[in-house]
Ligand code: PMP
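What follows is one chain in structure tokens, specifically the form predicted on its own.
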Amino acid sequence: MREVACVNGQFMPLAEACISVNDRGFLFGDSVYEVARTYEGRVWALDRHLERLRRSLEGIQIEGVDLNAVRANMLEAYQRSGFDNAVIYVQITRGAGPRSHVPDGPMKPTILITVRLCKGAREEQVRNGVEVILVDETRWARRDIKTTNLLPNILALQQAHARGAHEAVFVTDDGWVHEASHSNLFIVSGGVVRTPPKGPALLPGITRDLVLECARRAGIPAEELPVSREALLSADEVFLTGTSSEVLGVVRIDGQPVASGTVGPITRRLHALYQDRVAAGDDA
């Protein structure tokens, strides 16, 4: 087993992968990315990830990318790695050229794919839950586009880790909560699951959508409605979703317990339902 990279269709060990110092992804963050994971030899929700990648490319107007070729290279890179459970990272930049804020004509996109071992959430985190902190919303207005411009997310997560927390949840000036630094956010109140609606304010998570579908199939009331800071702090349960972390209960916010301070029953049920869906290979 080994970490693998594919740069513009050429495969190599990850440690040997290079891009141009003139690449706009490196110079300006002029790029988008996608992260998929695998389970026991199968790339999970690949069609959904590629569709989101297509929307991101359209969102920043990168053209000339053959997503069928990207799919084929993702699968081959994964096969070459030998990992069963892996994380496949795809980054597509506008390309390389003389440093200028506005490209001088059409460019050839740079396509990077890497495969690493997936670690996922630790067993004790799933069992006992995690703590999050609240931070001010400082990001740009098109957070539905999965770009590599992640500095506010990184700083927020660094702040969380410095305080012994797992994640940072962004709160707007007017008191609305949309998502965390690298997770989607859910609350449970009165037996109803709620998550903020899709739109420019948050990334439409693949796991987010799958968990909503799991809830509705199981007859658990689930809605996509705005979540206020007050609703978050008074919720019966809070949980996060993400490609690597799956469904992860939140038991403390800024040092204060969420309800009883333990992972709630609906969170545990949704985690189990998601695991069942993975085992069944039902990612359509």
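From 1 onward, residues are counted along the sequence shown. Just so it is clear, the structure is predicted and the values come from calculations on it, not from any experiment.
One more form of this protein, predicted in complex with the named molecule, exists but is not displayed; see below.
- Of the candidate stretches 75 to 83, 111 to 119, 92 to 100, 183 to 191, only 183 to 191 has residues whose heavy atoms lie within 4.5 Å of the named molecule in the predicted bound form.
- Interface residue among Leu203, Val87, Met107, Leu157, judged by heavy atoms within 4.5 Å of the named molecule in the predicted bound form: Leu203.
- By the criterion of a heavy atom within 4.5 Å, Gly249 is excluded from the residues contacting the named molecule in the predicted bound form.
- Although the partner is absent here, Thr207 sits close enough that one of its heavy atoms falls within 4.5 Å of the named molecule in the predicted bound form.
- Remark: Asn153 counts among the residues lining the named molecule in the predicted bound form, judged by a heavy atom distance of 4.5 Å or less.
- By the criterion of a heavy atom within 4.5 Å, Arg71 is excluded from the residues contacting the named molecule in the predicted bound form.
- Taking the named molecule as it sits in the predicted bound form, the stretch 83 to 109 never comes within 4.5 angstroms of it through any non-hydrogen atom.
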